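Taking the form predicted on its own, here's one chain by itself in structure tokens.
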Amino acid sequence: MHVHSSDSVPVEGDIYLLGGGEDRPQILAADRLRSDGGLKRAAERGATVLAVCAGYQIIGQSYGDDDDNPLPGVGILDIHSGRGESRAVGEIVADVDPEIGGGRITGFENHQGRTTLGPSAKPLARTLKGIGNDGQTEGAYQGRVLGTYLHGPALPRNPAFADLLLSTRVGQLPPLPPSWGERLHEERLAAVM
């Protein structure tokens, strides 16, 4: 189900995906998500949330506007994001925290954000190539709420990571035969490593 910016966020979903966006629409999205409260209630009841780039920043405690003034986030992930001195653009490769699985992930990043994690959040992955949060870590997770700077698109490009998200709702998935997703994943890793 697609939820448009003018819609209330339904709380009964299993998995929520927030995409990226430009700085000014990011402010509007954060305001609406915070005032609506549906996404926060869904996360509190155990729904899985994956937020990408600007979506990742706004689900945190705070994020920076165009001038890096701190603005309140939705507050479902213990992170704070602001603007870095330079833009991170290019391929990124990172190893997902073995505690949650998902293997080595690859994607494309295009952001100026820099994100610090609070004590309740853990790094989603350790950066091997690219910037991610800070040149050392990429993304964050806290329970079933995950955030990442990976575009590319992140899920088709990283089938094991997609399976990780699905398994939070349906349990352990049996392995599938190799598919275009695995070939794409291996091809992207080979191209950048």
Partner chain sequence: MSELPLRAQLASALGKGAATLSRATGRGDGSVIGGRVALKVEPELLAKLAQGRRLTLVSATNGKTTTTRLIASALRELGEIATNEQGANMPTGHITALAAKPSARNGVLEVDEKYLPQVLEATAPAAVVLMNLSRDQMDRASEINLLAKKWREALQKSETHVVANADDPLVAWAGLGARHATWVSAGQRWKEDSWCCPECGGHLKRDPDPHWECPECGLSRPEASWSVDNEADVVVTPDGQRMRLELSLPGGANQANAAIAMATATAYGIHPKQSLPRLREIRSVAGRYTSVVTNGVEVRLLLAKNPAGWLESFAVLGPPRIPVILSVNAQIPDGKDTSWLWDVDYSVLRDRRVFVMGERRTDLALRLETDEVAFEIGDDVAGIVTKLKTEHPEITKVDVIANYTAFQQIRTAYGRVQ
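Quick caveat, the model's predicted, so the values are computed rather than measured. Numbering follows the first chain given and starts at 1.
What follows is about the form predicted together with its partner chain, which we do not show.
The contact with its partner chain in the predicted complex, taken as any heavy atom within 4.5 Å, belongs to R32 out of R126, K129, R41, R32. Although the partner is absent from the chain shown here, none of Y16, S62 and H80 has a heavy atom within 4.5 Å of its partner chain in the predicted complex. Only one of 163-171, 149-157, 33-41, 135-143 lies within 4.5 Å of its partner chain in the predicted complex by heavy atoms, and it is 149-157. Interface residue remark: I100 is not counted as part of the site for its partner chain in the predicted complex, having no heavy atom within 4.5 Å. Not displayed here, its partner chain is kept clear of P10 by more than 4.5 Å at the level of heavy atoms in the predicted complex. In the predicted complex, its partner chain lies farther than 4.5 Å from every heavy atom of L71.
Using a 4.5 Å cutoff between non-hydrogen atoms, S120 does not count as a contact of its partner chain in the predicted complex. Annotation for 105-129: interface residues with its partner chain in the predicted complex are F108, N110 [heavy atom within 4.5 Å].
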